[in-house]
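Taking the form predicted on its own, here's one chain by itself in structure tokens.
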């Protein structure tokens, strides 16, 4: 069994010696660094780092209490002595994830199968939908399915029910797997956990509805998909991952949609994997992804 690890994501004002000071702090406490990566935004003068290490153990393996103590001590060091913003997670943590779906099922099935194969460092806690269509499929996978109807007239009540459900489950990440409802600013503010959305377009191009129809009408030679964090500004949240595929004048809308669905599956899965592994650092409306 792997020794539990701590993963820290830091960012703040660039200054000499940051890498050495972080490494020295870990070394002085008997830790063993497994991976370390950093980036400097020269224009903004901001330093970013992801460091992963095995903390010292009193016996063979550090327990939960030791990990929590090491985590708290590192946060105090990073903030107090380095002036950095920091987030620390432990490899033994399995964040609870809720998947929101509507009727389209390609991203839903892909995520569940990858989770069952052990690809994600988290647990699927629930499937939430504004339609009943995928209920049997979710239950067939052994996943709790929650049908919460949402219409323009019932949106406040529907979102209130969703918030209560997610809070009760202790969900730490929401994934919109082609959930065809716009989350309100009030919902996102009250939710208090990250939300990852898959947009069937290479943002910022062709935002909004029917992007493949828009792309076909423009005769594009590339189509893409974008996974991003959802914010109150529709389709404008920090981008985590994107990919494209070439198309030609011979491809109709149906072929563009089929190719796009393949992209949506892989782009969303990669974004969820990176988030759960603590590889995505958000600052402003941008991300640094330590892949």
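Numbering follows the first chain given and starts at 1. Because the structure is a prediction, the values reported are computed rather than measured.
What comes next is about the form predicted in complex with another copy of the chain, which does not appear here.
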- Message: Whether 94, 197 and 276 jointly form a contact site for another copy of the chain in the predicted bound form is the question; each needs a heavy atom within 4.5 Å.
- Response: no
- Note on the structure: With the partner omitted here, the residue among 147, 221, 155, 103 that in the predicted bound form has a heavy atom within 4.5 Å of another copy of the chain is 221
- Query: So, in the predicted bound form, is residue 217 in contact with another copy of the chain at a 4.5 angstroms heavy atom limit?
  - Reply: yes
- Interface membership of residue 119, another copy of the chain in the predicted bound form, 4.5 Å heavy atom rule: yes
- With the cut-off set at 4.5 Å between non-hydrogen atoms, does residue 46 touch another copy of the chain in the predicted bound form? no
- Message: Although the partner isn't part of this model, could you tell me whether residue 238 comes within 4.5 Å of another copy of the chain in the predicted bound form, counting any heavy atom of the residue?
- Response: yes
- Message: So if I measure heavy atom distances to another copy of the chain in the predicted bound form, which of the stretches 174-182, 108-116, 94-102, 157-165 falls within 4.5 Å?
- Response: 108-116
- Heavy atom within 4.5 Å of another copy of the chain in the predicted bound form: which residues of 64-85 qualify? none
